[in-house]
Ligand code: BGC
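The chain below stands alone and is given as structure tokens, in the form predicted alone.
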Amino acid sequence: MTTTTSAQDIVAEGLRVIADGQAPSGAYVASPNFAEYNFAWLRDGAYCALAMDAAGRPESSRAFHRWAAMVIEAQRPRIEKIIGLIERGETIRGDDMLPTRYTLLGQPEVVVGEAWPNFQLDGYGSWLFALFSHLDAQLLPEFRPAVELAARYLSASWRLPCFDYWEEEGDRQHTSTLAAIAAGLRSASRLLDDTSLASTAEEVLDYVRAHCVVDGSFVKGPQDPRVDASLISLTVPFGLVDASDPVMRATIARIRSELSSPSGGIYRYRGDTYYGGNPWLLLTAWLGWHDRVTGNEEGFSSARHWVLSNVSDGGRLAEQVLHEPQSAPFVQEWLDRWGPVADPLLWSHAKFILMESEAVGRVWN
């Protein structure tokens, strides 16, 4: 644990970690020294790209976006098949759909042993949003085919159940996933000048408002009344719901009251058992990012202090700490299974950079 490292030091280290974690292909590895995360997630990469743009490193972001566009275009036959199946009302299996993570060369992974919970939709929406930000709403011809494909894929499949941000609960819908889809479709609508995509985004948001609100706050999903820290995305960065909206205010209040650890870190959700279900550095920084954008200096300072108090040796930001578990017996179980937690985790660094950046107030949608 470190208390003397400055925020500027961690930003500088984060930029180095993200740059070192970017493959020649342009892909960002999720974590360079954690075997299960030696892949590139579109979601994690999208936030890394946002962070690099915010830090004045657009060449890194551009390389990632070119990699992502290449990945999506390579999946064109699969996407066309998926859309056809959905339009005909045929049964869709999770392994029919696009994966959430790829090899650093941009290929779907070869499954050996237990398959990763790979069908997730949020990454494709997050990528469209991050690309929109990177291009400042001005679509370049090289990206048009991938943007069109990703938008069609999301428009066709947004109602399907899939795994959430955390590779869990694959039999249901998730509010944060729907938010990423809506943000992606809004972004694609602007990039392509296609109002039908904006209409679909509003349909997704109407669905969220109708099915993902319980007792005045957004919840994890239509079948889960718990709060999840990733719901912050509805406001920051996606701007789908104004921070002053009573439902959003209630959601943030629930995150603070129900998901804060004794020392002030932020849990994913109540009942989490992954490595014991400790607070995550990226989620604490994400709430701090929200607080900075919305003018809550006390909340921002608290989040910054907590992250700085939990920096690993060398200024790295891990996935989670291990000393405040919700389910203590699961800490050792996961250590025995996969070894130490991911450290560094690139999108932990991305969230801290975004929290600290002067660019956080930019309106991206």
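Just count from 1 along the sequence shown to find any residue number. Just so you know, these numbers come straight off a predicted model, no measurement behind them.
Keep in mind that the form predicted in complex with beta-D-glucopyranose is not shown, yet the notes after this line are about it.
- Checked against beta-D-glucopyranose in the predicted complex, the candidates 50, 27, 30, 307 yield a single residue with a heavy atom inside 4.5 Å, and that residue is 30.
- In summary, among the residues 268, 220, 186, 292, the only one with a non-hydrogen atom within 4.5 Å of beta-D-glucopyranose in the predicted complex is 268.
- Residues within 4.5 angstroms of beta-D-glucopyranose in the predicted complex, judged by any non-hydrogen atom, belong to 268-276 and to none of the other stretches in 177-185, 268-276, 150-158, 135-143.
- In the predicted complex, beta-D-glucopyranose lies farther than 4.5 Å from every heavy atom of residue 330.
- beta-D-glucopyranose in the predicted complex comes within 4.5 Å of a heavy atom belonging to residue 345.
- Although the partner is absent here, residue 41 lies within 4.5 Å of beta-D-glucopyranose in the predicted complex, judged by heavy atoms.
- beta-D-glucopyranose in the predicted complex comes within 4.5 Å of a heavy atom belonging to residue 167.
- For the partner-free chain shown, just 319 of 310-338 comes within 4.5 angstroms of beta-D-glucopyranose in the predicted complex, judged by any non-hydrogen atom.
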